[in-house]
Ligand code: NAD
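A lone chain, given as structure tokens: the form predicted alone.
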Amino acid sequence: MQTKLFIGGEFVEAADGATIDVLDPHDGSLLARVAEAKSEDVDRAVAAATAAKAGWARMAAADRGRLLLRLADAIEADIETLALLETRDTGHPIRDTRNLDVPRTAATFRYFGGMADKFQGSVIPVEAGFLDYVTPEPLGVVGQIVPWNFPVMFCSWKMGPALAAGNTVVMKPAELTPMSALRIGELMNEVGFPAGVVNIVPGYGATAGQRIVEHPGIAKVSFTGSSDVGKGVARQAADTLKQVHLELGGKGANIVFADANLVAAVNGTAFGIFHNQGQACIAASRLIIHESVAEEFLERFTTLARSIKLGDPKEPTTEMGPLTAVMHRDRVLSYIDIAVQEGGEILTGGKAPSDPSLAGGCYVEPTVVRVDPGARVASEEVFGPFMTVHTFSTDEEALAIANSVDYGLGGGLWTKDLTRAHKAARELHAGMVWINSYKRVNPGSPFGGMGSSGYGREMGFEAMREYSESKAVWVNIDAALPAFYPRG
């Protein structure tokens, strides 16, 4: 495991020698002591990225893409190491890191490797005698701050489009889960990325993160995290007029209509809320179900929830691991107390598991709570294996409940009626809608939200645009321009 900062193509100690204890959430054991970046270290990383930016931007786009493609190949070859690092660091079960997280990371780098030489400009039809062409130009040095829930995957979501567009990067992984990002830095060195193009500085948000946001040498900050912190990022970034991309929280509405295929809806809902222990901004955290099928659905769903195997995330048979940190586990458990205080009915779960082999870890049982749609637990992001249940009688009522929160990231719906499906998708206040599925992602499909879920998009052409400026160039070919001031 690499434990130093990655600056200018080298792994180096923090300037003051500070370190962060990284713990295994399964049993609380010390996984590693990682160098802690502070303001001075961020300044070193920005200097390295600045020194590298001209060469990287002028490199042929196909050559930038070729390096990203090599990185994707290296990630696939390194899948066992990366998957185990991610599992030990985050608590995400090995079956998921091996079969979803790391392959998705490679696929995203590969997608943007292919995009690098296909991100084209345009020619604008203007008056006769002029050629007006528009080219996308990289912003320069970009800062990227990623959360702890899918750290290896977010490396590709953030770095991929930024690098393909010709920018250099200073990335701060979360202090809880820095290991896989540092391994990506090692692989970048192995495949030949120029020194300084990517710099990785684990640290705390209040120090390293704040310095990234306020640094005058950084042209843009892309932040994924909570809505409250995101608002602070936007305020601080205004002082240097840097661009900001915010991918923030969510409170996903998952509507099951009376005509839905209940077997598919039960299984899709379970993946939507319990995958990665519910630690996902797009989690299906609010079940909004037609009253005529609610009891049958909930009987099937709670039976499934109780069958999910909690355990050591390194074991291939484990289906749900621990939450990523003790503090976060306690926060999720506190919302269960709040639900009870608000008159909620716990249908299943609602506590830490009783298995003594899990007592030293950050585990919470899959939890389903029936509450009023206006309850705190139905409007605030819990970010755990915690789903609220609400019933409806009309389509209008379902959409009103779905749109009653400030978030607008993802939402799903289950129905056999195509007209109803498209109408509901149109009416849902969300940046992404899944019909008869939930939580599907692809490197080519834009990912992002509205309202308190932030602004800007990850992935696809939209992400490339996030990391570029449009420059219009006017060329006078043969236009005769009369003197504007005839005496000139």
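Quick note: we count residues from 1 along the sequence shown, nothing fancier. Here the structure is a predicted model, which is why all the values come from computation and not from measurement.
If you look for the form predicted together with this ligand, you will not find it shown, but the lines that follow are about it.
None of 402, 75, 165, 145 but one reaches within 4.5 angstroms of this ligand in the predicted complex through a heavy atom, and that residue is 145. For the options 138, 361, 113, 249, the residue carrying a heavy atom within 4.5 angstroms of this ligand in the predicted complex is 249. Taking non-hydrogen atoms only, residue 318 never approaches this ligand to within 4.5 angstroms in the predicted complex. Although the partner is absent here, residue 188 lies well away from this ligand in the predicted complex, with no heavy atom inside 4.5 Å. The shortest heavy atom separation between residue 388 and this ligand in the predicted complex exceeds 4.5 Å. In the predicted complex, this ligand lies within 4.5 Å of some heavy atom of residue 149. Exactly one of the stretches 390-398, 198-206, 102-110, 127-135 approaches this ligand in the predicted complex with heavy atoms within 4.5 Å, and it is 198-206. Residues from 211-247 that approach this ligand in the predicted complex with a non-hydrogen atom closer than or equal to 4.5 Å are 213, 223, 224, 225, 226, 229, 233, 247, in the order they occur in the chain.
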